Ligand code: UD1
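So this first bit is one chain, no partners, the form predicted on its own, shown in structure tokens.
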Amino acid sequence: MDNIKAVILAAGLGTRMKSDIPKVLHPAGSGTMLGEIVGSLKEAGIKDIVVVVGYGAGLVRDAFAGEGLCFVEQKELLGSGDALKCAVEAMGDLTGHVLVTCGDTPLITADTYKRLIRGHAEGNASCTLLTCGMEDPSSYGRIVRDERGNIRKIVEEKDAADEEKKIREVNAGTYGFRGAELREFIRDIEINAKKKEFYLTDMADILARNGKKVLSEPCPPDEALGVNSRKDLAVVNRILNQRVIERLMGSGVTIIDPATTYIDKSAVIEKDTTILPCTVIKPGVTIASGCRIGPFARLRPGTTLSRGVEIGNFVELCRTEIGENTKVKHHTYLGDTVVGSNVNIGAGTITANYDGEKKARTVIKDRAFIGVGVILIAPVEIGREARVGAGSVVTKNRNVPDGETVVGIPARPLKKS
């Protein structure tokens, strides 16, 4: 989409969030609300992205350094219309189209952005609004149409007449504009007498009054959900997680209780793996087929599980590789660890990977057996078919040779009778 520029309006204070953090930097999905939006726009093929910042502008810039975004600062927070005007004044050539979206609507998908732009271009419209039908439209701007169904204007809830409040078609806050006409008519937005702000929604009325074509493109109601409070944010995160879980189940992964399972969208999980309740799978985790994870397991970034691995209750893995058919069943922490195939890790095993200054690695080779309550102080290596007795502490650099059995604190070779 070389003739498309996108503008994200991300300058707002977010008063109802009760936070010192800019609203768009609050966590959503794998990252932040703004990150979700940028990711969807890029997935839709839009490369030229302008972000209008205001409150906490420096924090937003720092968070997205290196992302290839252009930042424009709205010096005085005078509403969405003024924010877009700042972006228009900063942008160069506007001979193509401009997609405008809000920084607090992270549920809009790449497919929806593509449909909006396609419908806008094919309809030869001056403006195309993303709209949806809401069972409860309160707090949303209503789409007001004439008797022929043409869009006349968007009216905000607080400005709507009683009849207008009955309208269920609402504005989703995302627009496609013809760039040249956006530049021409945005200066006609007047300040709202009640709010002392410039409403971007007035552009629909301005363009319609000037004989320009204003169209709409529908989207699912959940995509129109905006975040104004922590409660809204929780709803958005639940939906984002639900999308990930539904995608994985559709690919052949069994998830016993989606409501209590969190899986980051970047996680790779192959078919015929089963995820039990209350499991958390973070970014950068890869799980092969036929594994069984949980309940109450936590897999952190850098974790890779090979085929047929079992991870049980209250197990935490971090930067750890597990070989085929290995079992890590109960109350265990493995960090910076490489575990071979067909290994048994006993309940309560801990790898002590941090000495207060640096992290070190533990290696447990194929067919080793680690007893209950073992502590392995890294760096250390447990050899093939070696055995570590229950309650033992293997101190750093005291590697256990292949086939040897060690016991005690500190662990020593078991004497042969």
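Position 1 is the first residue in the sequence shown; the rest follow in order. Just so you know, these numbers come straight off a predicted model, no measurement behind them.
The next section is about a form of this same protein that is not shown, the form predicted in complex with this ligand.
Novice: Going by heavy atoms within 4.5 Å, which of 139 to 147, 112 to 120, 207 to 215, 325 to 333 lines up against this ligand in the predicted bound form?
Specialist: Stretch with heavy atoms near the partner: 139 to 147.
Novice: Of the residues Cys102, Ile151, Ile287, Ile281, which one places a heavy atom within 4.5 Å of this ligand in the predicted bound form?
Specialist: It is Cys102.
Novice: Counting non-hydrogen atoms within 4.5 angstroms of this ligand in the predicted bound form, say which of Thr320, Ser126, Gln74, Thr131 makes the cut.
Specialist: Looking at Thr320, Ser126, Gln74, Thr131 one by one, just Gln74 meets the 4.5 Å heavy-atom criterion.
Novice: Could you confirm whether Val406 comes within 4.5 Å of this ligand in the predicted bound form, counting heavy atoms only?
Specialist: Because no heavy atom of Val406 falls inside 4.5 Å of this ligand in the predicted bound form, the answer is no.
Novice: Answer yes if any heavy atom of Leu9 is within 4.5 Å of a heavy atom of this ligand in the predicted bound form; otherwise answer no.
Specialist: Looking in the predicted bound form, residue contacts with this ligand include Leu9, since a heavy atom lies within 4.5 Å.
Novice: Is there a non-hydrogen atom of Phe296 within 4.5 angstroms of a non-hydrogen atom of this ligand in the predicted bound form?
Specialist: Although this ligand is absent here, Phe296 would stay clear of it in the predicted bound form, with no heavy atoms inside 4.5 Å.
Novice: Whether Ser266 contacts this ligand in the predicted bound form should be assessed with a 4.5 Å heavy atom distance threshold; does it?
Specialist: No.
Novice: Which of the residues spanning 237 to 260 lie within 4.5 Å of this ligand in the predicted bound form, based on heavy atoms?
Specialist: Heavy-atom contacts to this ligand in the predicted bound form: nothing from 237 to 260.
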